Ligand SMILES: Cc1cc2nc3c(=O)[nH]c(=O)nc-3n(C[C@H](O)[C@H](O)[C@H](O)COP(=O)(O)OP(=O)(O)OC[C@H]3O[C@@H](n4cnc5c(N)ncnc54)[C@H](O)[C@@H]3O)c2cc1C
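Just the one chain here, the form predicted on its own, laid out as structure tokens.
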Amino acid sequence: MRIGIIGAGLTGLAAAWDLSQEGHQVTIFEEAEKAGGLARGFTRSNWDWWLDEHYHHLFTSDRAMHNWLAELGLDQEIVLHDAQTKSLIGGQKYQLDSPLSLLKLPMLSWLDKLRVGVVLAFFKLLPTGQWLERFQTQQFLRLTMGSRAYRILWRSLMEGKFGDWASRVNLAWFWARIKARTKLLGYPEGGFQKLVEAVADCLTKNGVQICLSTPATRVYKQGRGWQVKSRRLAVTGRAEFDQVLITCSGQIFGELVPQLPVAYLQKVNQLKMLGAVTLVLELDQPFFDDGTYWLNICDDKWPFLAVVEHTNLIDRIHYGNRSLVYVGNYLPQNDARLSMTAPQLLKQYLPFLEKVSPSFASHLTNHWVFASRFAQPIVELNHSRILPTMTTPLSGLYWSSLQHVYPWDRGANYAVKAGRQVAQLIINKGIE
């Protein structure tokens, strides 16, 4: 079959690999000049590694990514690192990445610590957690861990990430966050963009055509086939396929395919997404003085959620001997910060960043900002009941997006998993 895929993120690339392995003719359309989607990176003339636009890493539990890379012969590209994670609570940094570090936390009573430990152990041991979607995360954590522990450890993170929707987020999402997390973190040699390019090379050798800087403007059924329109396609401005897979957000999906039934489109439009904005700082010395890789901000008065010093995970020698720091946040899609320039965002963040690294501004050598309006699904109670399947009502049209990684949270591993799942649906349909 001739199969068109819209989007060269990890979902589209993973689906393309499986489909091409079955002998199908696959063409990928990507509007950006590089493949990778949210895993895209950038580089500078004095760097020999790529840097991700938005921070990423892998967990040792990320089997979907590991298995896929093993098939491609790229699994040796992932190197494991032991990173230090801390939380900013009451203006002080505390290490909170192990049961022992939890026991040392001074502002919780022994009963609080016991309750938190039992709940987290329960989530770790629970083999499957989608049934937890009937419960609200906030209510459950307050009840089981106690109001004080919830307020200190989780409230600011939940409200900072989800804003007005924090009280609606279901417990299956929280279970998945705890279940997947490991202390050892994996990162590809050369950065995620280098890994993506190696994947793209494997796909090309397998016969997949990847059309970069080629945005699809419309996808529609004509006769027994599907047409993909793009201004960058020569002659007719369109290409014909037997099947089409779309891997973008629900909003863009609906805009691309005007033939979608109204009832189905209403279901798609019920799904909510947050945007993400990431400020990247380059400094001539480390930002943190204690080797911290990841700092969670447990304070709802701060305008960002996390400070991540990438060069405390990856040696700064790969980046011109400079330190690189991410300042990340999730925001409603109408938030002005999604459109701010790097200097504008830095000005807003500066007083807060100086609280954890007082002299960092005098060592700042460059800064950039990257924003995505569709980065984090909001999963409410009984989310699976409103989540459309990857098979659409239109024969030959499939949709796989960040929404479909549920109950797992957004991440490279689950993007790959979703891509391979939808590819199997297409393959099975072709066998029928």
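Note that residue numbering follows the sequence shown and begins at 1. Model, not experiment: these values are computed from the prediction.
Not on display, but discussed next: the form predicted in complex with the ligand.
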### Message
Is it true that Ile89, Ile178 and Cys298, all three, sit within 4.5 Å of the ligand in the predicted bound form, judged by heavy atoms?
### Response
no
### Task
Considering only heavy atoms, tell me if Trp399 and the ligand come within 4.5 Å of each other in the predicted bound form.
no
### Residue contact check: Glu380 to the ligand in the predicted bound form, 4.5 Å heavy atom
no
### Query
Gly36: heavy atom within 4.5 Å of the ligand in the predicted bound form?
yes
### Message
Can you tell me whether Arg410 touches the ligand? I mean in the predicted bound form, with a 4.5 angstroms heavy atom cut-off.
### Response
yes
### Query
Only one of 103-111, 246-254, 73-81, 199-207 gets a heavy atom within 4.5 Å of the ligand in the predicted bound form; which is it?
246-254
### Query
From the list Met390, Val369, Leu58, Leu394, which entry has a heavy atom within 4.5 Å of the ligand in the predicted bound form?
Leu58
### Query
What is the one choice in Thr214, Ser323, Gln138, Ser357 with a heavy atom within 4.5 Å of the ligand in the predicted bound form?
Thr214
## Note on the structure
When the ligand is considered in the predicted bound form, the residues of 363-383 having a heavy atom within 4.5 Å of it are Ala375
